[in-house]
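Okay, here we've got a single chain as structure tokens, the form predicted on its own, with questions on binding and movement later.
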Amino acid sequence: MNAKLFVFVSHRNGKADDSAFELASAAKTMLPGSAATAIVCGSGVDAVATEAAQLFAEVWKFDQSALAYPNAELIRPLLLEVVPAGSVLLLAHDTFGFDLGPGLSVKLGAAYVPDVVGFDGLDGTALKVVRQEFAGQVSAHVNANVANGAVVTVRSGAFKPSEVSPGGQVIDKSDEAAGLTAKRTFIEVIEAEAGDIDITREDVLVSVGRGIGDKENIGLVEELTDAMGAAMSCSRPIVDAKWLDKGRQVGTSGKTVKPKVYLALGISGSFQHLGGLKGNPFLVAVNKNPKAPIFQVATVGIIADLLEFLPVLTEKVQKAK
């Protein structure tokens, strides 16, 4: 397959999203030796396009006021016009990717391959991908027919962020995005309440999941957090059980965090949780299930019972200090 490879670059506040760095790495893994073209859409996106040029040899910039907010209803027809037939487009597996990807693949007559965590290569028109099933307990190796191209969404954290390499070319294609209209319009962004602590500003997070068992065991995590001088965060089940407040939740339905160190305690590692973890932190995962998906992205993985492990670790940290 000689199709061209494209990557859609998400951004916010004048900075490329961390997913752009991961997608650059995914593109190199998917088709080694093939240069991917980045697509940057928005309003006033010169800085984002320049940043993307450090990751991709070529960047297509579409700068129009109508694109100030990432509206899939506008971007879908634009991509239909500018992306050559039979191409492969990589998107982040996030809420915007969910909105844009399926309908775009139908319009393109291309395969839709969601939530990819790995690539096994390309054999003719069969793109070999790795997906996870049954909450990450099983890795499924799938052959996708990409003879007519494909729209592929890549899970956050599945690929190590690519290193920057200045020298890419930015091509201004803004005129091709003129006249876009949509029935739905952006109104405003409502930020979640920060709560008693802003976990988005913390360098070290100790995050607890359903593996802690009972609410009373949260105290063990608090002791470790105090000993480390860290802040406590959590996965969604802890918030749903009302053991910790919403402001401490990490994930696609919670906060997006960029700590230097992230200690995941009893967290399985669903893509909803990992979608809120950015910046390639030093990730230490502790879980008694050796097949927990979190171990596939962890820097260090520890198979242990939390109730036995936490008091020992807390004691060691206290002695070290």
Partner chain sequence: MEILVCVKRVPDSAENEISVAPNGADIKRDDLVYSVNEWDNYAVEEAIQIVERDGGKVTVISVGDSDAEEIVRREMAMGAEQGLLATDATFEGSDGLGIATILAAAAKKGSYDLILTGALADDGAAQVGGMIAALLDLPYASVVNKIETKDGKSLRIGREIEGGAQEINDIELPCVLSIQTGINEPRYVGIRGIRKVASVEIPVLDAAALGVTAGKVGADSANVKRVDYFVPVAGAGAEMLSGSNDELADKLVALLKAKGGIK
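Predicted model, so just to flag it, every value in this text is computed and none were measured. Positions refer to the first chain, counted from 1. Take the two forms, find the largest set of C-alpha atoms that superpose within 1.5 Å, and that set is the rigid core.
Unshown form predicted together with the partner chain; subsequent notes refer to it.
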{"item": "Contact flag, Gln296 vs the partner chain in the predicted bound form, heavy atom cut 4.5 Å", "value": "yes"}
{"item": "Thr50 within 4.5 Å of the partner chain in the predicted bound form, heavy atoms", "value": "no"}
{"item": "Partner contact for Gly33 in the predicted bound form: the partner chain, 4.5 angstroms, heavy atom", "value": "no"}
{"item": "Distance check, Arg12 to the partner chain in the predicted bound form, heavy atom within 4.5 Å", "value": "yes"}
{"item": "One residue of Thr29, Ser253, Gln64, Gln54 in contact with the partner chain, assessed in the predicted bound form (non-hydrogen atom, 4.5 angstroms)", "value": "Ser253"}
{"item": "Contact test, all of Ala68, Leu91 and Lys160, partner the partner chain in the predicted bound form, heavy atom 4.5 Å", "value": "no"}
{"item": "Residues in 306-321 with any heavy atom within 4.5 Å of the partner chain in the predicted bound form", "value": "Glu308, Phe309, Val312, Leu313, Lys316, Val317, Ala320, Lys321"}
{"item": "Rigid-core frame, C-alpha of Gly121, shift of 2 angstroms or more between this form and the one not shown", "value": "no"}
{"item": "Flag for Tyr69, CA shift 2 Å or larger between this form and the one not shown after aligning core", "value": "no"}
{"item": "Val83: Cα shift of 2 Å or greater between this form and the one not shown (core-aligned)", "value": "no"}
